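As structure tokens, one chain now follows by itself in the form predicted on its own.
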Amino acid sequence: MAEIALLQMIVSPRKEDNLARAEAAIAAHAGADLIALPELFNTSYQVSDWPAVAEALPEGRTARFLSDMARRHKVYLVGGSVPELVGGRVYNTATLWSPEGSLLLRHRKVHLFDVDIPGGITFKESDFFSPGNEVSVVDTPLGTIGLAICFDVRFPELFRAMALRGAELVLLPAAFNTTTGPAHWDLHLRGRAVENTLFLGACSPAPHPEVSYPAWGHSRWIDPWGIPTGEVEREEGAVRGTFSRDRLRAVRASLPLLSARRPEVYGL
């Protein structure tokens, strides 16, 4: 079994403040086997703040910080996501670091959040970010881990592809808002977990008074039966969860959803 800590931290428009807050939160939960940070944890969820924060991976300031934190605390660390600068493009990129401080996995957000919801929110990530094109899964001694980011959770094909590549747990740095969060957050998290019989940890920022984007929070740990076993609401805090291969095997034996598939029928 492995202990997981999802750190729902307040994220401000100031990068160094965010790194300091993340450092304190990681240290407070250093007994966990895997720690995860929220989407865009080193900046606010405001397009105007992203250009000054974008940096290369793994050479940039934030990447060096994440590597150091993982190595110092001997923990697997999901570095939330950060604006990653690659040539003339910027990606919304999540990373997984080993307890030795090595970069194990990089996921560039595949589905960009471009929406105009009547009476709700208008937001267009593609004004700044480019989309990624990879299904992101890696084998580790802890388990086979997949990464996705926020809006990716609305696309079951991506999660099914991770499951078919062996994913046992998926970490989802995310920042749903107060329009879509109450409507769909829990629905999607539990659905993606149960339909693929895997553990899912979703880690959101807590709202900050200087940030106009209304983060929903509600970080959650979901088991393969679709049961939420830990949650915080919109305050800063941490969700602790347990990843168990015995639990995973038991659920997959009783719900053989992956082995009972009929892909020859679907024609997809």
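Counting begins at 1, following the sequence as shown. Only a predicted model underlies this, so the values are computations on that prediction, with no experimental measurement involved.
What follows is about the form predicted in complex with a further copy of the same chain, which we do not show.
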The stretch from 76-84, 90-98, 164-172, 139-147 that lies within 4.5 Å of a further copy of the same chain in the predicted bound form, judged by heavy atoms, is 164-172
Classify D116 as contacting or not contacting a further copy of the same chain in the predicted bound form by the rule of any non-hydrogen atom within 4.5 angstroms, answering yes or no.
yes
For M1, is any heavy atom within 4.5 Å of a further copy of the same chain in the predicted bound form, or not?
no
Might L104 be said to contact a further copy of the same chain in the predicted bound form, defining contact as any heavy atom within 4.5 Å?
no
How about S126 - does it come within 4.5 Å of a further copy of the same chain in the predicted bound form, if we only consider non-hydrogen atoms?
no
Can we say L19, M69 and W216 each have a non-hydrogen atom within 4.5 Å of a further copy of the same chain in the predicted bound form?
no
Using a 4.5 Å cut-off on heavy atoms, which residues of 186-218 contact a further copy of the same chain in the predicted bound form?
L187, H188, R190, G191, R192, V194, E195
